[in-house]
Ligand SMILES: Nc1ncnc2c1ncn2[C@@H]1O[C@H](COP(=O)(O)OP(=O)(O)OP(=O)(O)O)[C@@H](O)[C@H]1O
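Take a look at this single chain, the form predicted alone, given in structure tokens.
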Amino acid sequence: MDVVEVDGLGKTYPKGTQALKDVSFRITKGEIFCLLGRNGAGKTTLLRILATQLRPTAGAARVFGHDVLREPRAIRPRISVVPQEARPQMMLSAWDHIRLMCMIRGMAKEEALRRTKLVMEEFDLWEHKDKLTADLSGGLRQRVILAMALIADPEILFLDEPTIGLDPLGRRQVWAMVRRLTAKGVTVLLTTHYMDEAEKLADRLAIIEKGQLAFLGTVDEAKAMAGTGMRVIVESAKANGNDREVLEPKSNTEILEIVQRSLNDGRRVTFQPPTLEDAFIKLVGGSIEE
């Protein structure tokens, strides 16, 4: 079942900047759908339109069958949004953040206390409940933010660059939580410009380039479309050898020939499978750092 439908969506800001142009795709229930692109590509604009925070100027978008322009009140109770670089209040405890969000959502005091404890245990935050947010690691702070977003049991969670600024362990903690949510049937729309994040998480992805859809499909389909194949790296067996070759064989037979020849010459052989970053660069014609 499609829970998000986007048809010919466009957004032009008042001063003439065109952030999105003719974007179309579908997202099914329980899917992790990733919007991938460079900074300024239009990812956040698209997410904000679907979250009913921004009005499109062309095309249509529906969430749960409701038009984002005409029926935002039917959509908002069923979604939660974690904006880019969301920051908690440093002098509040993890417990207070979540309890206050329960009360903002309209829960009675006893229900807020029960729900806060339940969510903190679910997110492995209970042992940190009395710590000030200032004393928590980046990964734990992001867990608090996600716990606040999930107070209302949303059917769709919009995450805008949720791991920006986190260390590798913190990023993987967030990834694990996202997978746990989708296992329960929650749909996740995630924006990122981290290639490894999209490769690890996405059931499907859309690559946005200059406001337009450059690719729509799975990670494997992106790699196949880009024509990126297995690389074979041949180098000296010595640690500091400088005769490194990177080869791109066209068949398994050619790979076997390279391996046999290299072993006979006493050289080391390693394999580098295709990556999403390789596909991204070929599809949009530029590096992620640009």
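The model shown is predicted, which means the values in this text are computed figures rather than measured ones. Sequential numbering from 1, following the sequence displayed.
FYI, the form predicted in complex with the ligand isn't displayed, but the following is about it.
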> Heavy atoms within 4.5 Å of the ligand in the model of the complex: which stretch among 258 to 266, 245 to 253, 36 to 44, 63 to 71?
Replying inline: 36 to 44
> Is Gln84 close to the ligand in the model of the complex, meaning a heavy atom pair under 4.5 Å apart or at it?
Replying inline: yes
>> Taking the ligand as it sits in the model of the complex, is Ala279 in contact with it (heavy atom to heavy atom, 4.5 Å or less)?
In response: no
> Quick one: does Gln272 come within 4.5 Å of the ligand in the model of the complex, counting heavy atoms only?
Replying inline: no
> How about Glu161: is it within 4.5 Å of the ligand in the model of the complex, going by heavy atoms?
Replying inline: yes
>> Exactly one residue in His193, Lys131, Arg76, Arg105 has a non-hydrogen atom within 4.5 Å of the ligand in the model of the complex; which is it?
In response: His193
> What residues of 114 to 152, in sequence order, lie within 4.5 Å of the ligand in the model of the complex by heavy atom?
Replying inline: none
